[in-house]
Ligand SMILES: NCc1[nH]cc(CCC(=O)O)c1CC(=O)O
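Single chain ahead, by itself, as structure tokens, in the form predicted alone.
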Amino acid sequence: MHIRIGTRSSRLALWQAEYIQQLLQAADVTSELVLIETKGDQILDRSLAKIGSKGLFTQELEDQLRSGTIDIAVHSAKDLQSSLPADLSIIAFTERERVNDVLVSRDGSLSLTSGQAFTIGTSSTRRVAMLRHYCPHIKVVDMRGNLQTRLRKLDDGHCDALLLAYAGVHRMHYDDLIAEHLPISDFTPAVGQGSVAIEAADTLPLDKLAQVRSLTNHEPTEACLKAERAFLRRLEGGCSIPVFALATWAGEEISLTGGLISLDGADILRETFVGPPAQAEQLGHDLAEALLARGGDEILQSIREAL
């Protein structure tokens, strides 16, 4: 069996695709990488919110899935839009890496809790809003580009530190630049953060689908991400909406903490629901409904009016 793997061409995206290749090789499945540039890779002079979030890092890969040029597409799970077209589906989620956001800097003494004023670069509306809420003394500048590009901008003096996902920093072997691990109790991560997702078209032969899924899917992670993605889907969240969620295992059940925050950081809603893994998607939906009833609908309306 031979699998054609579609991927973006950044170093981190290639790490993800090569990781999937390694998992497939365990059963002597051969594969090749097909590099595809997305809209999100091409447009670097505007913030994610201003470009528009739907399919920003996925549309071109999905087009190739439909055409049959590739068998599967490999994504960072947090880059996938909350609702997929009817002819496409996620067939696997890999085991999740540590989910924290981290402060990355050449100055290891920097800390968000020190009260010291400094400048952080990030392109995430979630991280910007959380910084405004928890750390109003911090100045934030928009920072687009892959990890290596952002580090160059850091070294060129555009900012003093970056706010990034631990998973990407660790996978690129930049652990020595981590100045601080941020607590998930405050800086709850984006939906899917830390996992690699595999997407396929409904035309993928069933034997290929079954083989890829059996070799790459991590069922405990899948259950958690189903809950998170159902939460995001109900809120119609995307790159431009500061929504956050994290599902973890609590004994035999899933504990899902999720919320949303206004763009200025003034208003934040967060709540936790617990339920059986078989009802993971219902759990996410119910949590979203609870937040909407508590005023989340008003926060969402104000966000969309501002974008």
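None of the values given here were measured: they were computed from a predicted structure. The first residue of the sequence shown is number 1, and the count goes up from there.
Omitted from view is the form predicted together with this ligand, to which the following refers.
Chemist: Looking at heavy atoms inside 4.5 Å, which stretch does this ligand contact in the model of the complex, given the options 111 to 119, 180 to 188, 220 to 228, 163 to 171?
Modeler: Among the candidates, contact is made by 163 to 171.
Chemist: Is this ligand in the model of the complex close enough to K78, R127 and Q193 that every residue in that trio has a heavy atom within 4.5 angstroms of it?
Modeler: Heavy-atom distance to this ligand in the model of the complex: all three under 4.5 Å.
Chemist: Consider L292 of the chain shown here, and say whether it contacts this ligand in the model of the complex, taking contact as heavy atoms within 4.5 Å.
Modeler: No, L292 stays farther than 4.5 Å from this ligand in the model of the complex.
Chemist: According to a 4.5 angstroms non-hydrogen atom cut-off, is L23 in contact with this ligand in the model of the complex?
Modeler: Close contact is absent here: in the model of the complex, L23 is far from this ligand, nothing within 4.5 Å, heavy atoms only.
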